[in-house]
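Form predicted on its own, single chain, as structure tokens, below.
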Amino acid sequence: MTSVTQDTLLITVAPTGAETAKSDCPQLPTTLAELVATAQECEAAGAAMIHVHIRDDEHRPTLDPHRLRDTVDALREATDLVVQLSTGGSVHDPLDARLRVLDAAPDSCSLTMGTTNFGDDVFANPWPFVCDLYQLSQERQVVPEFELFDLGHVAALRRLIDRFGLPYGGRVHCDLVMGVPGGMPGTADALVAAVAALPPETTSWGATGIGRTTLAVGLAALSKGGHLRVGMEDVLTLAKGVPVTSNRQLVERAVAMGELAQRRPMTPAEARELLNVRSAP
């Protein structure tokens, strides 16, 4: 069992994503140097884990294996953050390329538990792919974070554990991704329903509110004892008409929200203990 106490708060920063264009948001960290600087700022502000999407030289989403490996290495050298790579990529990435993300040997990876409409697009996660990615994460000793966009995804997690057992490390950490057009709404009622349906093997969970749902979801998650994911992947404004200028601002706001709930930011070392990730190679 983890010795991490209930008064701690895991803050994950998702600084880039795959949906926002650099031309539309110049402050988005898309180069490796920008990503490393953002990671250092966010760690200093209170983040313990970073959820990573990468871009190419034209700032477009990519799953290039060499860039992924270089990114993992650079983040490990410059920070103590738990490095989590997205296996979602962009909605246009092929499934085989998404499996190869684990070749970069991250501490953790996202693992989305089902297909969902994503605005005008479809984020495809067919069941055979989910099973393949889960078994590969077990084989490679990478701790998955189960991304749950809908209640059906919560039920699918029960099915996955029943079929293949617990993930590497023995901990089940989930992230409720709420407010995506096509997924579950970013409301307190939806969060309570999703948390109630989580399998009993769940050891920790957090929530992400997309866009204008970010505060409602964050406050509801704190009230239920959950953790928080924040970042410019998920929201680009601090308030109506007030743009985010750095991911650090969103981490600092999450820290302030946690303080109101009498929870201090978890250190990267505590996050490693909570998730039971392996030591960096």
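In case it trips you up, residue 1 is the first one in the sequence shown, and so on. Quick caveat: nothing in here was measured; it's all calculated off a predicted structure.
The protein also exists as the form predicted in complex with ligand KMH; that form is not presented, and the subsequent description refers to it.
When ligand KMH is considered in the predicted bound form, only one residue from Val130, Val91, Val195, Ala74 comes within 4.5 Å through any heavy atom, namely Val91. Picking from 157 to 165, 199 to 207, 134 to 142, 115 to 123 the stretch near ligand KMH in the predicted bound form, with a 4.5 Å limit on heavy atoms, gives 115 to 123. In the predicted bound form, ligand KMH lies within 4.5 Å of some heavy atom of Glu147. In the predicted bound form, ligand KMH lies farther than 4.5 Å from every heavy atom of His227. Contact check for Ala18: a heavy atom falls within 4.5 Å of ligand KMH in the predicted bound form.
Although the partner is absent here, Glu43 sits far enough away that none of its heavy atoms falls within 4.5 Å of ligand KMH in the predicted bound form.
With contact defined as any non-hydrogen atom lying within 4.5 angstroms of ligand KMH in the predicted bound form, the contacting residues in 50 to 75 are His51, His53, given in sequence order.
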